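One chain follows as structure tokens, the form predicted on its own.
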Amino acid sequence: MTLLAVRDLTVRFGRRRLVAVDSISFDLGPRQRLGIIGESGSGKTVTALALMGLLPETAQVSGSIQLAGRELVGLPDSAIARLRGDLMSMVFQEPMTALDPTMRVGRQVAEVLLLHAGRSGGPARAQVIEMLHRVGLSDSERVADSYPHQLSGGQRQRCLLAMALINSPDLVICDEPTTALDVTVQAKVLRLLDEVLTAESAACVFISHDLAVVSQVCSDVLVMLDGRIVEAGPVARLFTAPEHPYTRGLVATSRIDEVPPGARLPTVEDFFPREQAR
């Protein structure tokens, strides 16, 4: 079965029709974890926003995005809005900009339930408290009654994760969700994400510039460069036998202590074979 089918997705901006994403195609099955990696400007975040229907009006989108058999390209925003937070959800990179600073966290998480599940205030709060606890916030009632600025970066990111998962969506899109966190908190959030995705049986598209981070959550990965997919395959294969020169560079800069078991890190000879050196 295919949950998400992307075909020839192209995104252009402005009068000059500058191409940000250039005719990419991929599939995602139920419960599958797919990473998309690449440097800044490679098109990975634009791809995520296109999947969620969150691109600005200046964007020109062509191709096909089918989610559970439903075409999203060309769908009115009101119709896509009914899918966001229900069938699909997103965890953003910076929680301080993704969360409303004037609203208590518990109310923000509850709004997803109120909009999509029709829950009333009492049952919604109970479910919010339970979800905040599930994402690793032991003092969940205090967190629910707090404003974003009263929480740490790791706590805020867990709140975004709770918001994304509370309606048990089929697809969760994560756009560099741990970039703003220190290494220790990052590792905890990644482990938590893995556990909650498994518990919720949710598929995931995980955006990052770091192959080592993606390897902790995903089994497969797409490598993007200049808006195109230049390589795709299982994470373990990309670590052990990257084919594209750009992928080799990403592997070489990945953190050694986070390489999957059994994977072989590239050596200098992988990039400059002895035959070329002569």
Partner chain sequence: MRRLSLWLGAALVALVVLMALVSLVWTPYDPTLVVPGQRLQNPSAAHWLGTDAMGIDVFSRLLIGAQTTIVVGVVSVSIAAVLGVPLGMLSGQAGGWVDEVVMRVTDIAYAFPALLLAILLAARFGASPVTAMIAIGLATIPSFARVTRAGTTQVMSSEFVLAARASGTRWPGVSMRHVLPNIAPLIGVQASVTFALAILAEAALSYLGLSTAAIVPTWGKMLRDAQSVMFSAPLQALWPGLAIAMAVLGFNLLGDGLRDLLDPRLREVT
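Everything numeric in this text was worked out from a predicted model, so none of it was measured. Residue numbers count along the first chain shown, from 1.
One more form of this protein should be noted, the form predicted together with its partner chain, which is absent from this view; the next part is about it.
Asker: Please tell me whether the candidate spot formed by S78, M90 and R107 is one where all three residues come within 4.5 Å of its partner chain in the predicted bound form (heavy atoms).
Answerer: Contact check passed for all of S78, M90 and R107.
Asker: Could you work out which of M52, I229, V46, V217 is the residue within 4.5 angstroms of its partner chain in the predicted bound form, going by heavy atoms?
Answerer: Among M52, I229, V46, V217, a heavy atom within 4.5 Å of its partner chain in the predicted bound form occurs only for M52.
Asker: Since exactly one of R191, R142, R82, H133 fits, which has a heavy atom within 4.5 Å of its partner chain in the predicted bound form?
Answerer: Exactly one residue meets the criterion: R82.
Asker: Would T102 sit within 4.5 Å of its partner chain in the predicted bound form, counting heavy atoms only?
Answerer: Output for T102 is yes: heavy atoms within 4.5 Å of its partner chain.
Asker: Should A202 be counted as a contact of its partner chain in the predicted bound form, where contact means heavy atoms within 4.5 Å?
Answerer: Although its partner chain is absent here, A202 would stay clear of it in the predicted bound form, with no heavy atoms inside 4.5 Å.
Asker: Residue-level question: is A98 within 4.5 Å of its partner chain in the predicted bound form, judged on heavy atoms?
Answerer: Yes, contact at 4.5 Å.
Asker: When the contact criterion is heavy atoms within 4.5 Å, does E111 count as touching its partner chain in the predicted bound form?
Answerer: Judged by the heavy-atom cut-off of 4.5 Å, E111 is in contact with its partner chain in the predicted bound form.
Asker: Among 23-31, 208-216, 52-60, 236-244, which stretch has residues whose heavy atoms lie within 4.5 Å of its partner chain in the predicted bound form?
Answerer: Heavy-atom contact with the partner occurs in 52-60.
Asker: Which of the residues spanning 152-190 lie within 4.5 Å of its partner chain in the predicted bound form, based on heavy atoms?
Answerer: Residue within 4.5 Å: M163, and no other.
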